[in-house]
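Just the one chain here, the form predicted alone, laid out as structure tokens.
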């Protein structure tokens, strides 16, 4: 019998992980969220609360939690309210969660991360393996926070060999809220003139499956997770129903700094990712976890358009509206 607590069950990803875990016999699923779950969570019991470290220790001990899945990062599943609050939640919050796990005797932790922590650098190899450390600079926002978390985890696992920590480095997830899909779906997304790097994506189903596999096995270390295919940024934009607009770097930076005032959603990562590719090797996840993606990057973008999470092209939208009005008439 195993008891798993999902910290961040309120997100679309957290809810899907809960549903998948609920299907396993002998697994009790608990959830902690900052808001009510956005989707069904199977048989999981959950509470909406922002617990202190001591309160979390009490909960973990009372429920005899042996595995904790940490997905609660500001900016990952919903827009961050501000940088100071995001750092508090992402970096300091993760440290507090891990400290509570040690105090409560939790034996296994799964932590969400991102392939972007490697950075986009012309010196990167064609395929990045897990042996490459997180970048020490050149990152901002959520990626910077996750890189700091990973540097902390490297020291934490050495100091606490009694706890196994699995770090899942996801490619940008397609499904639920995503700043990248919002960027792809806006009219005329801006790209960097003269550059069209490759990138990987990951369907939310495959991301949830990887979390479940990591939670139910005594694995440790980092794992890259991405679809087997990579797409150029311009290709991803076209698959989303829009046309890329190559732009000089100064104008991209200006739109990012002005934010909503331009009515354009800025590129959600550091501008270096518009210049250089960041493609990861997923063989370790396949060999150790037995994980394999079931959706390609192209299929993931198509599915996002079909379920309404990305804005479709005007002609399709017009046809859908006419069909709706016809049925109403």
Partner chain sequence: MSESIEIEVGGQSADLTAPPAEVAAPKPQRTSRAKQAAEPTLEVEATAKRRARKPRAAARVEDVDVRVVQPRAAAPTEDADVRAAGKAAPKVPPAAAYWDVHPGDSLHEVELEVRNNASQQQGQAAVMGNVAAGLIALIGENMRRMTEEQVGKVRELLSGTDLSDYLDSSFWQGVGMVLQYQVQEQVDFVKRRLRGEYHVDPYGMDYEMIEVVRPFMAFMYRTWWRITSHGLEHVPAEGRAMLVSNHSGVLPWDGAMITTAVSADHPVRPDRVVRSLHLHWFSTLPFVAPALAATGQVPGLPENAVRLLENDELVCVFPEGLKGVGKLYKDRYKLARFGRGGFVQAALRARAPIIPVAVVGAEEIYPMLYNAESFAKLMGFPYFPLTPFFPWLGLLGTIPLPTRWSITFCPPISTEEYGPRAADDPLTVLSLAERVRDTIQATIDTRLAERTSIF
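Positions refer to the first chain, counted from 1. Since this is a predicted model, take the numbers as computed values, not measurements.
Although it is not shown, the form predicted in complex with its partner chain is what the next lines describe.
Proximity of 124, 232 and 283 to its partner chain in the model of the complex is complete: all three residues have a non-hydrogen atom within 4.5 angstroms. In the model of the complex, its partner chain sits within 4.5 Å of a heavy atom belonging to residue 193. Among heavy atoms of residue 276, some come within 4.5 Å of its partner chain in the model of the complex. For residue 198, a non-hydrogen atom is located within 4.5 Å of its partner chain in the model of the complex, even though that partner is not displayed. Although the partner is absent from this view, residue 239 contacts its partner chain in the model of the complex, with a non-hydrogen atom inside 4.5 angstroms. The stretch that touches its partner chain in the model of the complex, counting heavy atoms within 4.5 Å, is 125-133, out of 149-157, 85-93, 165-173, 125-133.
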